[in-house]
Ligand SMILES: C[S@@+](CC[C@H](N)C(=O)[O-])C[C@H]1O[C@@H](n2cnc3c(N)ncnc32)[C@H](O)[C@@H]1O
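Below sits a lone chain in structure tokens, taken as the form predicted alone.
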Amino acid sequence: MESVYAFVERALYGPDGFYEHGGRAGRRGASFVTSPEVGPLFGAVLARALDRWWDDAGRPDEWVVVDAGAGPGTLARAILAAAPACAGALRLVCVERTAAQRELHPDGVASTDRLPEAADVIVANELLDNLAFDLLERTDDGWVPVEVHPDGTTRPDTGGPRVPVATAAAAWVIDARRRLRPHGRLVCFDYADTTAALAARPWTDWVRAFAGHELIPDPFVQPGTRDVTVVVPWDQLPTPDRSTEQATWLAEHGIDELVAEGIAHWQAHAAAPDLTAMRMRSRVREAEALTDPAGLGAFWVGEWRP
């Protein structure tokens, strides 16, 4: 038997873990899709935000932006492709624990397995849900830690409510926040809810496993063959300076303007479309997915300042 925390850490990041053996975000040949994999629009919106924050900081000569939990580097590619105004000062750092994914990072970024000592912006898209967590179950004796048996079953199994314990996620936010420069900010995108709301739902609704773009049952069997995630109990994190939903955040940073630009470009080139025109046309579809109130648009966005 082992704790849920130990199981998740081993199943995802151990020598035989999911991410060391080909598990990653993406479309073809991957396991799941996150906002950056929907298309380059998410990264283009983030590039606009980076420019705004760079302006607010006085346009420093060095602008260190960290993509934490970068996976194969899809978000970094989109930011670079957007050619932000801060590009001359931009030092883009992709942080990824697993060597297999670091090998996929694009040219033009620093690729590493740990956060730099100082940063201006740290972005974590669907990172917190992939950090190890514990489970507690309420029994007649109070809240009891849940353990995983070798066959993938969990004990105790009394049918009482369960809650996640996001110790690693909270510690990560604290650590990332202390690395921010005085004008810096930490921005996390994730599926999240309150601890009380999660306790009121079946735990199988919010402890999830993915493989081959499918939500699969039994997150605690066959470790290393599936991604194991948890809906983040955001109220267990340090209180953010601001929180909102992804659709609102994207609107505040110009997604509608980028979509309008895409439509205009497509209309001007529709008679003889090239690759750029096709990409511009796809912004409409990407925006619909990124702002879907029943999907990515409802994701929680937390922002912290130093």
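Since we're looking at a predicted model, the values are computed, not measured. One-based numbering along the sequence shown.
Separately, the form predicted together with the named molecule exists; it is not shown, and the next lines address it.
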Q | Triplet Ala49, Glu288 and Thr291 all within 4.5 Å of the named molecule in the model of the complex via a heavy atom | A | no
Q) Of the options Ala70, Leu250, Leu41, Val65, which one has a non-hydrogen atom that comes within 4.5 Å of the named molecule in the model of the complex? A) Ala70
Q. Considering Thr98, Gln236, Thr154, Gln222, which brings a non-hydrogen atom within 4.5 Å of the named molecule in the model of the complex?
A. Thr98
Q | the named molecule contact in the model of the complex: Glu126, any heavy atom under 4.5 Å | A | yes
Q.
My question is simply whether Val93 lines the interface with the named molecule in the model of the complex - judged by any non-hydrogen atom within 4.5 Å.
A. no
(Q) Can you work out whether Gln246 and the named molecule are in contact in the model of the complex, taking contact to mean some heavy atom pair no more than 4.5 Å apart? (A) no
Q | Residue contact check: Glu37 to the named molecule in the model of the complex, 4.5 Å heavy atom | A | yes
(Q) Quick check for you: of 84-92, 130-138, 177-185, 204-212, which stretch puts a non-hydrogen atom within 4.5 Å of the named molecule in the model of the complex? (A) 130-138
